[in-house]
Every structure is written in structure tokens, then in C-alpha cells.
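Next up: a single chain in C-alpha cells, the form predicted alone.
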């Protein structure tokens, strides 16, 4: 029977790895990832999990260990955070190019400088072009569920790609929440055993990771492109199967909230969606016809889904919890990719960028009010007022006070 639990996103991932019966996990401590490493070690020691844990001398070794284990046919996992993610950078493309479907937990964290421990999506987004499947979990339940979904998608014989289960450091990794750990029989029905067609075997020798001639490279690169496009076709099928077996209601690519009559929507990913929903309730009472679209995947990017969904709205406020200095439009990764996705769509909305929540700061109600006010000005003008805004670093701070006063008068019942 499914078990109701209270724990963190990292506990939920440990539950998923236990249910998936992983064979090998490679570890090296860095906050906030460290707690899942400790949790898995405890479960191995207690006999709850039967897998081999190998402790590396650094993140590069850690991912290399998981790489080798996967090449030998093991269902392998690892993880990291912040600068640990970048320290292992050399390993990501060989793992994906070698079609080794390891899974990594990334509890995101700000890169140096400033070197704080707060949640920020920049670390994980630096490896977005290396051929890994991944997206952000909003809460502990989704952390568990995304782990199982990623195994199912990444280990498909037609895919065979590594996956990242990303989540906001502290907000998801360390805050206790209620979630449901599914029944083992449900997981076994959804996730078949990992039996790769090609693996290192002394009785059936194969070559993995060879050096090649230049003319051999483009076909391999093309194949990697084709496979990632194939992932877009598998995600809806795997999500529908997951929903049926586990009784979930996940959208395959984009989760919508109060969008039916919305003129404006926030578009974001990760745990700040929780606060966004709350802020939208107040904004609705104050007369703002605003909703939310939350991305469930960043790779592959859900361009086709956004092309269908976003033309329903007049203004889309893309919220980046990451930095991409010098990027087109002055915003972050989500702004650039969202604008590219709908650039050739008829009746496309105005795309306005916001950067907020950096360094682990909470995106507060007041900040959502500021962004909504700027989006309303754009809506009223029929043209973009400011292409990209770093929230709290502009002249719109008065908007928060004005909007807050409006909903306090209009919605006393919501206090």
C-alpha cells in the first residue's frame, strides 16, 4: 500500500531510488545535496537498500564512477549542487554521448561569487546543452515522482539518456512536506528492470568511448539530436502511464493554474510556483486577470506545448531564477528560450522578462505584485514597457504597495 510520509525532497528522492532498486550510487558531499547521500548510506547500512555506494574524491570522480557503473549495466545514481555541478562538467557530454542513463539529483545552489548557499537555478542550467533530460520539481512529491519518470524515460531502449532531477535548494531539499511513497507493486509495473542491450562484458566485448576520426563526429551528433527529439514524443506517453498507475494528474510539459480567462500569466519553474499560486489569488481579488504556467521540463524544452498554450494570453511574464549575463534581451535562460519558442507563432503574446529569487531569496507576494503591475502596464500600452527587469532593482517598488492596498480593500476575506 502507498505510505503517507512527512519528509524533505531529498528523503523523497531516496525513497524513489529505493523503489527503483538502484544498483550503484556514487557520492561526494556538498550542500544541499549531501543529505540524500547520507540518507541512502543509512538505508544501505540498515538493509533497506541493496546497492553499492562508492565515495569519490571529488565531483568529477563521483560522476565518472556512476558513468562506469552504467556502462557495466548498472542502474546508477549520483548528485551534486552549486560549484560541485560545474566541477564535474567534463563528464556530462561523455555520459550522454555514450548513452549511459544514470540519474543525478541536483539540489540547486548559487555559483561563486557570491558563493552563498541559497537556491538558484544557474548551476544546473549551465549544463543544459550536454544532452541530459531534466526539469525542476516543485515539491517533495514531485521530486519522488520525477525520479521515477526520469528512470522510465531515460532508460527506454529507444532513448538511453542520463537524467537530472532538479529541485530548489532548501525550499524543496530541506523543508519537510507531506508526500506519498507509492507501493512497490505500482513502481514495478511502471518501471521495468534495467537491462541495456550493450554493456561492458568480458564474454561479449564491445568498445565504449573510443576516439574517432573527425568525419565520424557529425553523424553521432545528429543521432544525439534525434534522440532528444524522440524524448519529446515519449514524455506524454510516459506521463499518461504514470498518471494511470499512480493516480496522479501531471500535465506532460506545462502545468497551468487559473489560466482559463487570464490576460496575463507568469511563466516559471520550480518551488516559487507555490508562492506564485498564493499571490495570484490576491491579484485576482484586486482585479488582475492573471494566471501561471509552470514548466515541468527544461530539456527537452517544451516549445511545441508553449506554442499551443501561450497565444491564449496577451502578456507572459517569464521569471528567471538564474543568470545568463549578456543574454539576448537582458534576462535569463527561460526568457531567451521562451521568446525563441513563440517567435514564429501567429498572435504571439508580448513576452516580458523578470529576474528574481537569486541567491536563495524568496520571491515574495510583494514581488509578484510588482511584476503583475508591470505586466498590466504592458497590457494597457499594447507594447512592452521594459524588456527585462531585475526585480527590486528598478523604479517599480511602489507597485507592491499599491497592489497590496488594492487587495486589502477588495478581499478582506483572504487575509
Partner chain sequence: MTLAVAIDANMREITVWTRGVTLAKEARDVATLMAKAGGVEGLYVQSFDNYVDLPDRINVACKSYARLSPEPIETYYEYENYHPDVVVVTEETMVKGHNILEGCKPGTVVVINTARDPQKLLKYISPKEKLANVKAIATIDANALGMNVMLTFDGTEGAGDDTTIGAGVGAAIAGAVAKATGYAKLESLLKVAENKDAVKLGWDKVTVLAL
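Since the model is a prediction, treat every value here as computed from it, not as a measurement. Residue numbers count along the first chain shown, from 1.
There is another form of the same protein, the form predicted together with its partner chain; it is not shown, and what comes next is about it.
Shown alone here, residue 365 lies within 4.5 Å of its partner chain in the predicted complex, counting heavy atoms only. Not displayed here, its partner chain is approached by residue 174 to within 4.5 Å at the level of heavy atoms in the predicted complex. With a 4.5 Å cutoff on heavy atoms, residue 252 does not count as touching its partner chain in the predicted complex; it lies far away. Mapping the unseen interface onto this chain, residue 126 falls outside it, with no heavy atom inside 4.5 Å of its partner chain in the predicted complex.
Taking the partner from elsewhere, every residue among 11, 118 and 282 has a non-hydrogen atom within 4.5 angstroms of its partner chain in the predicted complex. Annotated contact segment (heavy atom within 4.5 Å of its partner chain in the predicted complex): 30 to 38, selected among 342 to 350, 55 to 63, 380 to 388, 30 to 38. Distance criterion of 4.5 Å from any heavy atom to its partner chain in the predicted complex singles out 286 from the list 234, 227, 286, 306.
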